[in-house]
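Here's a solo chain for you in structure tokens, the form predicted on its own.
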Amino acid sequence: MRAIIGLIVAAISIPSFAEKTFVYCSEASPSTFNPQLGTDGPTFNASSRMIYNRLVDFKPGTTEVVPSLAEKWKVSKDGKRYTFTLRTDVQFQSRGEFKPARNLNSEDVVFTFSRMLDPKHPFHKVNGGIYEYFTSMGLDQLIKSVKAIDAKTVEFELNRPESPFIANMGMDFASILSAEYANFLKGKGTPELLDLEPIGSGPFLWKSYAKDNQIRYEAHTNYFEGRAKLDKVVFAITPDASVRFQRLKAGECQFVAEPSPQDLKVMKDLKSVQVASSPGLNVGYLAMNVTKAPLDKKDVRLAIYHALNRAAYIDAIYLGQAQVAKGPLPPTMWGYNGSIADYAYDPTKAKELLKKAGYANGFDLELWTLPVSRPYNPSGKKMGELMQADLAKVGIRLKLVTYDWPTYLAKAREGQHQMLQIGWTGDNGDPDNFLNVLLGCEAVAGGSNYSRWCFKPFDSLVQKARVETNQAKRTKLYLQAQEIFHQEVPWVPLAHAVVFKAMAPQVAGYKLSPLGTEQFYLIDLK
């Protein structure tokens, strides 16, 4: 639960609306068209939600798990074997020379997971071989094998029980690829196109991509859940939020990503704009890389926490449409620890802690600011300037740095930063998706633990909760883990933001997802 700043200068040619053509002004370029290789919302919206399906999915607008490519599943008594029965009517898409000779079967599921699981798999290293979600969640250690029992039956054998396993199978990284298409590309000597010119089973067929400009899709005529009401979809990549709003008002797009809080009042007053909102299953935070001095000292991290006037950020950045965060879990999620007393904004206390840590005269530090609008942080640059001013008051001299979005993520995964703004929107409604994926020890090597904080007492509780099947017992473990997080301060939690979406009045059927991604299959244009 994520690219170029500036205006798009290339004109966007929008087809006749005699066809139902839906134009989405998106906020950033995708990093890839294979969600196995991505971690960010723009990538998932452009790939998994348009092109692919998963074994299970989430009921639109909820975190309820429902069947998708798998019509049913069963779990062994010891919790280590998951057997999925696949639908037999799922057709993959066609494009150019590639025409699928068969429907989806167990070979495709085995191919998809073996690519991530097996370092010797012929596609494992194609396009880099970094499967951040898969490794950060420890699935490379959890999954013992993936076997085809027959054409429509697949068995996952685990090394231990895993409570969130079914919900994890609905996440974007678990999108099912076509083994037949992979073999076709391998035979042509172009295996890299599997992730760049994708073929899936989903509601829309990828047609073209003009980098940092636009992506074009057409309805998948033989989609197993029924052809989409839309004929064509265009992603018009528009990083500037104010420009997205202007395009919406001008009728150049029917839906905009991440509207600026500054524009919301005007949007709500316009009859030509619909605004949808809901509490976000998200957290925006300042990650402090604990492997780099002076951030390896807890007193320094706590000093930074006390020095930041986070309540002022809620007013200035979110215009009140968020609440100050005091931990990694959003309050709308089960397992949230509401009894924790947050650290106050206290510059005097911050100075005392810096003196105690041996930095009475302060120090120089680098902060990476978000280059794109995200639900959990609509303006990284402005927030960075506020942080810079706050930390200067306690003697910390902050240099602000940023990169384009794909580079920002790639460098952050490698731990090149000292501090960076980042955030998360839940993928599956389970606390494990926050506490393990963002803060677990396996997630350091996987790349999604941006604080690079591996603290065994915390990690032990989270791992116990993954195995535990009783939700009340899992909750107790998560409450304890959040207490440890609060004591050790690997982040400064910033905000849980209300999520807003803006669209033209003719858009019908849209359901706002608590998981932060966009699903346009249900949309119609009146």
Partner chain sequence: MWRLFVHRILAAIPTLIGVSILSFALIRMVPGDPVTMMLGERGGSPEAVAELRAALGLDRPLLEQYGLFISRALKGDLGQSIVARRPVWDEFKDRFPATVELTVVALLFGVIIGLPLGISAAAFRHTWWDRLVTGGVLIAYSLPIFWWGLLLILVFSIALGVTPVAGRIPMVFDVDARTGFMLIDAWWSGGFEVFWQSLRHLALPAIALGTIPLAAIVRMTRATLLEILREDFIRTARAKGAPEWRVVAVHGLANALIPIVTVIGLMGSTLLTGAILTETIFAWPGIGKWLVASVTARDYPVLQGGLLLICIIVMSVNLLVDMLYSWLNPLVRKSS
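Quantities reported herein were computed from a predicted structural model and do not represent experimental measurements. Numbering follows the first chain given and starts at 1.
Only in words, not in the display: the form predicted together with the partner chain, which the text now covers.
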| query | finding |
| --- | --- |
| Candidate site Arg310, Ala312 and Thr348: all three near the partner chain in the predicted bound form by heavy atom within 4.5 Å | no |
| Region of this chain that lies against the partner chain in the predicted bound form, out of 177-185, 69-77, 207-215, 337-345 [heavy atom, 4.5 Å] | 207-215 |
| In the predicted bound form, the residue from Asp404, Glu157, Glu352, Asp299 that sits within 4.5 Å of the partner chain by heavy atoms | Asp404 |
| The single option of Glu225, Asp240, Asp231, Glu107 touching the partner chain in the predicted bound form, heavy atom within 4.5 Å | Asp240 |
| Contact label in the predicted bound form: Trp424 to the partner chain, heavy atom within 4.5 Å | yes |
| Interface membership of Gly446, the partner chain in the predicted bound form, 4.5 Å heavy atom rule | yes |
| Proximity of Glu252 to the partner chain in the predicted bound form, heavy atoms at 4.5 Å | yes |
| 4.5 Å heavy atom contact, Leu409 and the partner chain in the predicted bound form | yes |
| Residues within 4.5 Å of the partner chain in the predicted bound form, restricted to 21-46 and counted by heavy atom | Val23, Ser31, Thr32, Leu37, Thr39 |
